[in-house]
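Take a look at this single chain, the form predicted alone, given in structure tokens.
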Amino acid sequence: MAVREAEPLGSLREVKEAGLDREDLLGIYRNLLITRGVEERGHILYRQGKIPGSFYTGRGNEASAVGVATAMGPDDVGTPLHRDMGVHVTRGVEPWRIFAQYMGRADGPTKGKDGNVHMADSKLGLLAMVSHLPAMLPVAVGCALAFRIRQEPRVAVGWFGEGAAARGDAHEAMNLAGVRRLPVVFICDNNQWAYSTPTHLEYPIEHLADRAAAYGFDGVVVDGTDVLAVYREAKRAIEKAREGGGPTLVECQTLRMEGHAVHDDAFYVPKELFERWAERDPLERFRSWLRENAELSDDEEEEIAGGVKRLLNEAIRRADESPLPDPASLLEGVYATPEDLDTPHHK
């Protein structure tokens, strides 16, 4: 089970074979624009003093997040992290609720009760992250085990970064998933820096996906700036898991194009590295592909970009009107009640 390096997805014919039509492609482009636009406006809100705490983005990771989320089925679940805003956008979290979350308002997904990027909407199959990365991988594996026990044709997707791969819970999650051949897909956002530690000081192998063989399942490496290649590999892995073929580790290679968080100027990243990866900007790359392969016109591009701009401007206005949470509601929704635990194991 040697690691496989994925080829780029070239023609419109190949894309159709992968299950996407032209409307799907334009929808992906729109989600990429919304994802970046949300985080760019987040920077502005932070500088205006409207976002409490620090602020984290996934600039450079948009294609990886949107590509994987596009490949997920409606009943699948996922545990996206702070570099994966595109997952929330693609799964249907409304931008105004994301901005409300950023600002700690009552209409955010966590109703102002958690950190500004610790968000998820469980109704959309998303589970909120915690800061102790990769602590959500065992949670994703637990979901996959539940799907197996209940004999449900559902898949869990767990995200982590290459720095988080050094922690024990990443090993424990993958080991159990491999032993039980659970319906789970592991997505590694390899953005080359664990805060300020470069990959050559993080692990001694060529690819993190090389580790998959030791757990008894497949590993694949894909260019994380190529949204269509990411979609294809994620789709293959998810459907393989759904059909009983066990887990896959998909390593999406990107570069974190900003600091670890807003307080970090990333002085330790060589300027030449930023310049080289800027030429592979996921949004520009996909826009060019649409121009060359899907006849994206100036008018269509302008219409999509204008629509996204209006959407985000309205989203900020609406989020700004969202109230701060009532202190009296502090414990509501924090702890599960017996009625909440309505699963086959509690009936």
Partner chain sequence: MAEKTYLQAISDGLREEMRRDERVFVIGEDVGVYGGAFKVTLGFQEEFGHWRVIDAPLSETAIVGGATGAAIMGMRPVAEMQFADFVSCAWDHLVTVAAKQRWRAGTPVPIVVRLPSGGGFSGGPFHSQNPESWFAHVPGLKCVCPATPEDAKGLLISAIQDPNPVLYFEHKHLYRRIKAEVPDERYTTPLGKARTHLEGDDVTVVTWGAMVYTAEEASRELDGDGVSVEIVDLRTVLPWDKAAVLESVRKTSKVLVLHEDTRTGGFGAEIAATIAEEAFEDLDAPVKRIAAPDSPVPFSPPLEKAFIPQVDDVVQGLRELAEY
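C-alpha atoms forming the largest set that superposes within 1.5 Å between two forms make up the rigid core. Computed from a predicted model, the values in this text were never measured in an experiment. Positions refer to the first chain, counted from 1.
Just so you know, the form predicted together with the partner chain exists too; it's not on screen, but the next bit is about it.
Enquirer: Considering non-hydrogen atoms and a 4.5 Å limit, which listed residue (A135, A229, M257, L124) is close to the partner chain in the model of the complex?
Expert: Flagged contact: A135.
Enquirer: Can V77 be called a contact residue for the partner chain in the model of the complex at 4.5 Å between heavy atoms?
Expert: Output for V77 is yes: heavy atoms within 4.5 Å of the partner chain.
Enquirer: Does the partner chain get within 4.5 angstroms of any non-hydrogen atom of Y102 in the model of the complex?
Expert: Within the cut-off, so yes.
Enquirer: My question is simply whether D114 lines the interface with the partner chain in the model of the complex - judged by any non-hydrogen atom within 4.5 Å.
Expert: Yes, contact at 4.5 Å.
Enquirer: When the contact criterion is heavy atoms within 4.5 Å, does E7 count as touching the partner chain in the model of the complex?
Expert: Result no; E7 lies far from the partner chain in the model of the complex.
Enquirer: Specify the contacting stretch among 197 to 205, 184 to 192, 84 to 92, 220 to 228, defined as having any heavy atom within 4.5 Å of the partner chain in the model of the complex.
Expert: Partner-contacting stretch among the options: 197 to 205.
Enquirer: Within 150 to 172, which residues have a heavy atom closer than or equal to 4.5 Å from the partner chain in the model of the complex?
Expert: R150, R154, G163, A164, A166, R167, D169, E172, in sequence order.
Enquirer: Tell me, please, whether between the shown form and the other one the C-alpha of E17 is shifted by 2 Å or more, with the rigid core used for superposition.
Expert: Where the cores coincide, E17 shows only a C-alpha shift between the shown form and the other one that is less than 2 Å.
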